[in-house]
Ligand code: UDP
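Next comes just one chain, in C-alpha cells: the form predicted alone.
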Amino acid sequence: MEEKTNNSSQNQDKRIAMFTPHADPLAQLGSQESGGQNIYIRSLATELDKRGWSIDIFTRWDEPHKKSVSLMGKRSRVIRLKGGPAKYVPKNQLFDHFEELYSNFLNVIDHQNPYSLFHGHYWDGGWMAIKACRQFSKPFVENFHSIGMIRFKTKEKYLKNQNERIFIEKRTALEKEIIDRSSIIISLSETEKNDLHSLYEAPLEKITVIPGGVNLKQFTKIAKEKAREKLNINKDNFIILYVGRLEWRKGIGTLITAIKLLKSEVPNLEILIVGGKIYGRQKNFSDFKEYQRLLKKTEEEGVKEIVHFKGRIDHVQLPLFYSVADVFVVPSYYEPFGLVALEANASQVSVIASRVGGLQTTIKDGETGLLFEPRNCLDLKEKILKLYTSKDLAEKITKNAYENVKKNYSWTNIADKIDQIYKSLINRNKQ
C-alpha cells in the first residue's frame, strides 16, 4: 500500500500536489515517453523545495521494482499510484486507468486534503487536478507540455493517419475542460500560448509564458578532445548529434536523408543517435520498433555505416555526448519547447533546429542557432554544410546561445516566477 501523508507535520500553505501520471520525474530518461517533461518536473520541484515548498508528485506505478514513495529534496516526494498493470502503458490507453489512479490518490491522503494548490502536467495530470480541484476547492495550475490539436494536425500532415482520431477528440475535449477549470496556465512558449488561444479559445489573461530551463551546473562545456577520448570517438570526425526519444514526430528520418545528401561533401562524417530503450532484455517495444524502421532507412539511404544508434544513456553522461559534437540537430516535426536545444546551448555546441513550436523561441535564427523548414532534408543539409564551412559562424552562434541560456533559462529564475504564482493563487483563495 502507498504511504499515507503526514498532514500535521508541515505547513499546508507550502504544500503542493503535482500530478504527472505518465512521466515519473525519477524515471530513466531517453526511453519511450520519458524525456523533457520528466526533467521539467524534477528540476522545478527541486528548486521549489529549496524555497520551502513541500511537493508531492503523484505518478503512475509503471514498474514493479520501483518504490511506492521516493524522497526528492528535503521536503518533497514522488508517490507512485496503482493504476492498471505495473508496466509501461501508452498514453492513449491511460483513460482506462484514471479512476483507479484518483481513488488511490484519495487513499494516500486518507481523503483529507493537505494541499493548498494542485498542479497538473499534461492532459493526464490535468484530469487528476480537475478532480482534486472540484473535490477540495483549491486553485489549479496547468502545464500542457504538448497540445493535442497541434500533435494531431502534424500527424495528419505527415502521416495521413486517421487511426488516432477518436483518442484525439477525447483528449481535445479534456484539454478544453482543463483550460476552463484551471486557475492559470503556464505555457512554455509564446507559440504554445497563441495555439491555446486560437485553437481552444483559451483566454489570454489566463496564460502566462514561463519557459523550461536547463541545469547550468550539469550542462557545461567539456573539452572536445577529452570528451571524445572518454567516449572512444575519432578526434578527426565531424560529429552530428541527436538526443531524444525515438518517435516519428522527432524527425530522425529527415536527418538520415539529409546525411545521405551531405556525406559526399563532408569527409569523416559520423552521426550519433542518443535515446531509446532499444538494447537488452528490458528494451521498450515501441522504441525498438521505431529503431528498426530507422535502421532500415539508413540501409536504404546508404548511410548505415556512419549512423550509430547509442540507445538510452544515463543522464549524467549527456554532457559528454554534447561535448563531442560539432553540430547538434533537433529535426522535430512538432516540438512544444525543445529542452535538448538548451542543453546543447549550455554545453556550447552549435544547434540546428526545425522551425516549429517552441524551437522558434529558444533558437533565434542566425543568432543563437540555425532554423530549417521541417521535413526539408535539403534545407537541413545546407544548414549543416553552412556550419561545417564557416567556423566563424559556428563560434558566433555558439557564444550567443550560451549567453542567452545563462541569462534567460536558469531554473533559479524560472522557479522564482512559479513561486510567485503559487503564493498569489493561495493568498487569493483565502479571501
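Just so we're clear, the structure is a prediction, and the values are computed from it rather than from any experiment. Residue positions are given as counts along the sequence shown, with the first one as 1.
Below, we turn to the form predicted together with this ligand, even though it does not appear here.
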So in the model of the complex, does any heavy atom of Glu335 sit within 4.5 Å of this ligand? yes
Within 4.5 Å, heavy atoms only: does Gln37 come near this ligand in the model of the complex? yes
Partner proximity in the model of the complex: Ile252 to this ligand, non-hydrogen atom cutoff 4.5 Å: no
Quick one: does Glu343 come within 4.5 Å of this ligand in the model of the complex, counting heavy atoms only? yes
Options 73-81, 133-141, 228-236, 271-279; stretch whose heavy atom lies within 4.5 Å of this ligand in the model of the complex: 271-279
Counting non-hydrogen atoms within 4.5 angstroms of this ligand in the model of the complex, say which of Gly357, Pro211, Gly126, Gly244 makes the cut. Gly244
Pick from Tyr322, Tyr115, Tyr122, Tyr291: which residue has any heavy atom within 4.5 angstroms of this ligand in the model of the complex? Tyr322
